[in-house]
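Read the single chain below, which is given as structure tokens and is the form predicted alone.
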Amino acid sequence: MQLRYDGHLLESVVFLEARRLEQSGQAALAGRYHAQRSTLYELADPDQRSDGFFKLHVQWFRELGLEARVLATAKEFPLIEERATSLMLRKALAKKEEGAELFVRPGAKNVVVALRSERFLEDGFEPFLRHEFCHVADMLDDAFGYEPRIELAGAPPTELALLRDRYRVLWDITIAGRLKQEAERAACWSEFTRAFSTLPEERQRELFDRLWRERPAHAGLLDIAKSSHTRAARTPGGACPLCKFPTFDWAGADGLGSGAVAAIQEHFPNWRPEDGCCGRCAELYAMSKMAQPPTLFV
């Protein structure tokens, strides 16, 4: 497996680590790095200068033990070393951008992990990296049967987004449980109860505990996420499944006539009366069976 780096990430990480060394009384080591870095500005050729900076930061990334931390964590997941063609670390600018992805093409399986520079200096660096590598190992495991596309025939965009979010929550729970990341249990439980708020509390606890202990395959997780008993509750301020706008004025099954239900299901086959919709949508669809959705929804 080839290890590859984003030069911007390396430069930022090494610079932050050098500053930390200075603050912790190791100014000599940090000073040597800054001295070597300063000489590169003397190179007139921009390509040579850019190449010099990259090589310098690879050298210091290794000398400071940062690469060893990544490789030691990766070795905990033999499937990555055995089946991945390359592992690339790239820079993420925000927490929401962090995570691991697997790119598959003929003859190559390339793993890309996006990380903030600050992540390397945080106490939870290895646990975070371990969690992301576990995702990748699952993707590479034939027994898990991972499929990158998660679809739901006839589903409106909001329901499809909900399905993918639920799948992510379920998968994260199984990984945190396998890795015995007890510090993450409360956060996982909070996300789970939010995503599956329509389940009775007893059923929530039973399902969560089973996911924490076991490792269902991709199809099993998707079945749970798709379960007809896990649709979104009609919460105040929640998104209407038809027009996608937040609403506090919900129309439930008892407030929709048969004509409105038929008209809605022409355009949203996967919608059920108990899913409800906003009052405005209920009025529009009650007016007539329209050949096309109202322009409001386009």
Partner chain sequence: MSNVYNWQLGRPMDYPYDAAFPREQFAFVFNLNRCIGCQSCTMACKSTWTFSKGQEYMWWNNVETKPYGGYPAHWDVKTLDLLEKANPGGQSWGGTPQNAKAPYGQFKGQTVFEAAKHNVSPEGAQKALGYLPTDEEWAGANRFEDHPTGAPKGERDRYFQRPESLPQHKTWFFYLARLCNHCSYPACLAACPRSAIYKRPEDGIVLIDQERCRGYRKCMEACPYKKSLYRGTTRTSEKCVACYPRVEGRDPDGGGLPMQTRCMSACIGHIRLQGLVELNADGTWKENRQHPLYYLVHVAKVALPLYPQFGTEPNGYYIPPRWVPLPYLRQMFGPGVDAAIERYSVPDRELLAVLQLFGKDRRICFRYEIKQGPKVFETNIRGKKFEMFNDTVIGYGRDGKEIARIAVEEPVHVRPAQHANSI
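Positions refer to the first chain, counted from 1. Since this is a predicted model, take the numbers as computed values, not measurements.
Quick note: we don't show the form predicted together with the partner chain, though the next part is all about it.
S.K.: Exactly one stretch in 238-246, 62-70, 36-44, 254-262 has heavy atoms within 4.5 Å of the partner chain in the predicted bound form; which is it?
M.R.: Heavy atoms within 4.5 Å of the partner chain in the predicted bound form occur in 36-44.
S.K.: Would all three of Glu22, Gly25 and Leu93 be in contact with the partner chain in the predicted bound form, where contact means some heavy atom lies within 4.5 Å?
M.R.: Judged in the predicted bound form, Glu22, Gly25 and Leu93 all sit within 4.5 Å of the partner chain.
S.K.: Check His8 for me: does it contact the partner chain in the predicted bound form (non-hydrogen atoms, 4.5 angstroms)?
M.R.: Yes - in the predicted bound form, heavy atoms of His8 and the partner chain come within 4.5 Å of each other.
S.K.: With the partner left out here, check for me: in the predicted bound form, does some heavy atom of Phe53 sit within 4.5 Å of the partner chain?
M.R.: Looking in the predicted bound form, residue contacts with the partner chain include Phe53, since a heavy atom lies within 4.5 Å.
S.K.: Does the 4.5 Å heavy atom contact test between Gln204 and the partner chain in the predicted bound form come out positive?
M.R.: Although the partner chain is absent here, Gln204 would stay clear of it in the predicted bound form, with no heavy atoms inside 4.5 Å.
S.K.: Give a yes/no on whether Ser117 approaches the partner chain to within 4.5 Å in the predicted bound form, heavy atoms considered.
M.R.: Residue-level check for Ser117: yes, a contact with the partner chain.
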